[in-house]
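In the form predicted alone, a lone chain appears below as structure tokens.
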């Protein structure tokens, strides 16, 4: 019976032919390393977020009078397994961004942003930016103390444009307008909560779904990069490639199972990392917590912003880092790919990685003068990485020509 149903479906969809061309006949390098699995892990987490989010919006009430109770009482205590779906969603947001960061750093290490994969990187960057926005809008929804005051600080950051050395009135008006629009007024109320809810549960997830689809299409179109940086001719070098199915599907499926085991271990036993106790206190606009900081995935940018004495230049600096990440394919134009074969790039990458981690740690610490100096130092190193790429590229072009054009 099942076989007849499958044949009936195949006659009308050609699903067997699609499976053959897209899974069996599609070849990938056989030497793909573990970091290449981060893409499928991110996709797995995204699916968990969509499923758990759909359950949560059935019971959440996006108005100030009921938001806190609906998130912390109705869902956590009255809805069957509501606590589980909220834990999955809260932990998933952190795991999702952690995997995306690992995926991005892997792409930088293996130079997966170079020709012919520039569009893969650009769309990936847009996914990262939209994902940060999605996390930011979702952070406010529980309407706890940390959620409220963290969002207050975030929405006030554009107002730092008023600290511009010139045209203060012009930049100040722009910053105030952005801040006013983000909050829907001069303070966070029902309008802001409704806007954030609408963006978080409808608009941004749909945008992410579309972008992820485009990203996957571009990966298929350009081909998966090689850890060694060599472009493989799949027809001339068949010994260096394997069919995506069953080799990669089984390999990535095994990694996904291990990942889910670790993920649900945290969901069941260590949710204090993702649902801090302070956020189980209702938001109080008249009671400011002693220490306010963004979530860990924004701490690096936050440290860049606050370590620079001028808030205007701090605002420009952390946004410029985002822009430089987007322009990475055009800053690094060396013909050589992969840090495995680029010693100068490898050193610059390690410094960049350490500096990014240091900024994240400093962002969680008290804003002392010593920490501010350290923040400026590591901010300088991050910018130095991007500025060094054209220099490294010119040097490697020279070595490339000296070798007769061989890479």
Ligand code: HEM
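For clarity, every value in this text was computed on a predicted model and none was experimentally measured. Numbering follows the first chain given and starts at 1.
One more form of this protein exists, namely the form predicted together with protoporphyrin IX containing FE (HEM); it is left out here, but the text below deals with it.
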Between the options 201, 193, 104, 299, which residue brings a heavy atom to within 4.5 Å of protoporphyrin IX containing FE (HEM) in the predicted bound form? 104
Tell me, which of 372, 344, 43, 361 has a heavy atom within 4.5 angstroms of protoporphyrin IX containing FE (HEM) in the predicted bound form? 43
Is there a heavy atom of residue 143 lying 4.5 Å or less from a heavy atom of protoporphyrin IX containing FE (HEM) in the predicted bound form? no
In the predicted bound form, is there a heavy atom of protoporphyrin IX containing FE (HEM) that lies within 4.5 Å of any heavy atom of residue 117, even though the partner is absent here? yes
How about residue 225: is it within 4.5 Å of protoporphyrin IX containing FE (HEM) in the predicted bound form, going by heavy atoms? yes
Are any of the heavy atoms in residue 259 no more than 4.5 Å from a heavy atom of protoporphyrin IX containing FE (HEM) in the predicted bound form? no
Within 4.5 Å of protoporphyrin IX containing FE (HEM) in the predicted bound form by heavy atoms, the stretch out of 310-318, 207-215, 85-93, 133-141 is 207-215
